[in-house]
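What follows is a pair of forms of the same protein chain, given separately as structure tokens and numbered structure 1 and structure 2.
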Structure 1
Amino acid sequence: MNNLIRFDNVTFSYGSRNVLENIDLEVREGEFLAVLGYNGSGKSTLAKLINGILVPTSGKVYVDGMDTSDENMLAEIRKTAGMVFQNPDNQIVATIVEEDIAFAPENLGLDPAEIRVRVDDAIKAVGLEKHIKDAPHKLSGGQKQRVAIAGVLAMQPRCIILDEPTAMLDPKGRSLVMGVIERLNREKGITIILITHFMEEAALADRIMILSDGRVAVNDTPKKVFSDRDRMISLGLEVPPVTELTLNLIRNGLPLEKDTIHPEELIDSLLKMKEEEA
């Protein structure tokens, strides 16, 4: 697969303080990358650099080969890599759901018939067909976030960057939004860059990158990352709840795999043990 996003020795500074320092990163087309790190580690800055909201102090960021510091390419860059923020109210601009989703493709100057197709496809992708005529402010937090995702989808991006999209949601809303994100990646092949502080969300990714003090501290698969609990704690992070439970069970003598990161894995292991005992 081709690299869709590339950071070449990127540093970004606010004044004399380096928020990100010497970042090298490649994200393949169709990959699901989760970005973790304690507050202030540089996660949101990384996201804004991809979308061209910020420009590196030194180094280069490329989106499908386009240099984000080239102002002439910003419109094309943002069509290729769409951004979803933590608070959906900051992205919702219209008084009707379908009008909000149509806003971005209208600004692209598309034919009305094409806009209609894109809006219908986007609303179906996020599962909000019943709410297409509703006022966004009447929706739940999770529904609003799905409207924000649909608005980005209507631009038909190849990559979506999501900056803690579930941070303001309840567990049900989080689950629904993550279900949409997974489907967009697995079924439509959209590259996903998810910034999150929920470890169980990061466990769904193909790869995890952890930022610490503005540098890449860890860059590996979820199983390898979360199997090293001590390393996670040293970085100010936790492991997924199911991994923590598994490690406690191992300490109590159960022969389980310490790289268990999904509830289904733990359930299957426990059922297998019960069958073997019978």
Structure 2
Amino acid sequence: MNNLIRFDNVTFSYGSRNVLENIDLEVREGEFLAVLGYNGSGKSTLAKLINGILVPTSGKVYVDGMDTSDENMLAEIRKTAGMVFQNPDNQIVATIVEEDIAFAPENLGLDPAEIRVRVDDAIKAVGLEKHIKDAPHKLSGGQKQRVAIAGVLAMQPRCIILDEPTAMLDPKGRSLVMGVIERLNREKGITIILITHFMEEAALADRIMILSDGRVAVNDTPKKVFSDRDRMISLGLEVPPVTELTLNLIRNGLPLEKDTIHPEELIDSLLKMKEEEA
């Protein structure tokens, strides 16, 4: 598979301070990458570099082979790699859901009939058909965030970058938004780059990259990443509660794998142990 996103020795600095330093990163088409790191580790800067909102101080960022520092390619790059931000209120432009979703296709100058099709597809993909004519400010946080995702989907992007999309949501909204993100990745093959502070969300990814002080500290599968609890704590992060519990059990002498990151895994291996015992 091709690399859809490629960072080639990227450094980005504000004044004399390097926010990101010598970042090399490749994201395959269809991959689900989670980016972790404490506040100020450079995660948001990384996101903004991907679709040309920021341009590297040195090094290059390529989206589907297009150089983000080439101004002529910006529209094409932003169409390919869409962005969803943390605060749903601050990214909804229109006063009616469908008009907001239509915003990007309108900007692209598409035919009204084509816009209609894209809006309808996008709203269906996030499961908000019932709210198509509603005013965004009457929706819940989770619904607003799904409108924001639909607004990006209407560009038919191949990659969506989400910068802490669930940070301001309640658990229900969070799980609905995560459900949509997973579905887009699995069913539509859209590449996902998810920046998050929630370890359970990162556990759903194919790969986790951890930023620390503007450098890549860890870049590996969730299982590998979360099995090193001490490392995670020292990076200002944590491990999912399931992993915490598993580590406790291992300390108590149960023969479990320390890279258990999903509740079902732990439940299955415990039940299997019981069977074997009996």
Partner chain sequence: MSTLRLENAGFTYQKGMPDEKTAVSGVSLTFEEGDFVGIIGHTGSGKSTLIQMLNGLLRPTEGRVFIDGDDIWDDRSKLREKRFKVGLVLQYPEYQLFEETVRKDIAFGPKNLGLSEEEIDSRVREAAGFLRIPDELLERSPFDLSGGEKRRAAIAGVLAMRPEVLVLDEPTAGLDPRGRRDILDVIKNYHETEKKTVILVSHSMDDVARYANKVLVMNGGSVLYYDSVAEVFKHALELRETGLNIPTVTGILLTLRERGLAVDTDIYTPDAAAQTITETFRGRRSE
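As the structure is a computational prediction, the values presented were derived from the model and not from experiment. Definition used throughout: the rigid core is the maximal C-alpha set that superposes within 1.5 Å between two forms. Here, a residue number simply tells you its place in the sequence of structure 1, counted from 1.
Each of the two structures shows the same chain on its own, and it is structure 2 that derives from the form predicted in complex with the partner chain.
Once both forms are overlaid on the rigid core, the distance between the two CA positions of residue 252 between structures 1 and 2 is 2 angstroms or more. When the core is overlaid, the C-alpha of residue 272 ends up 2.4 Å from its other position between structures 1 and 2.
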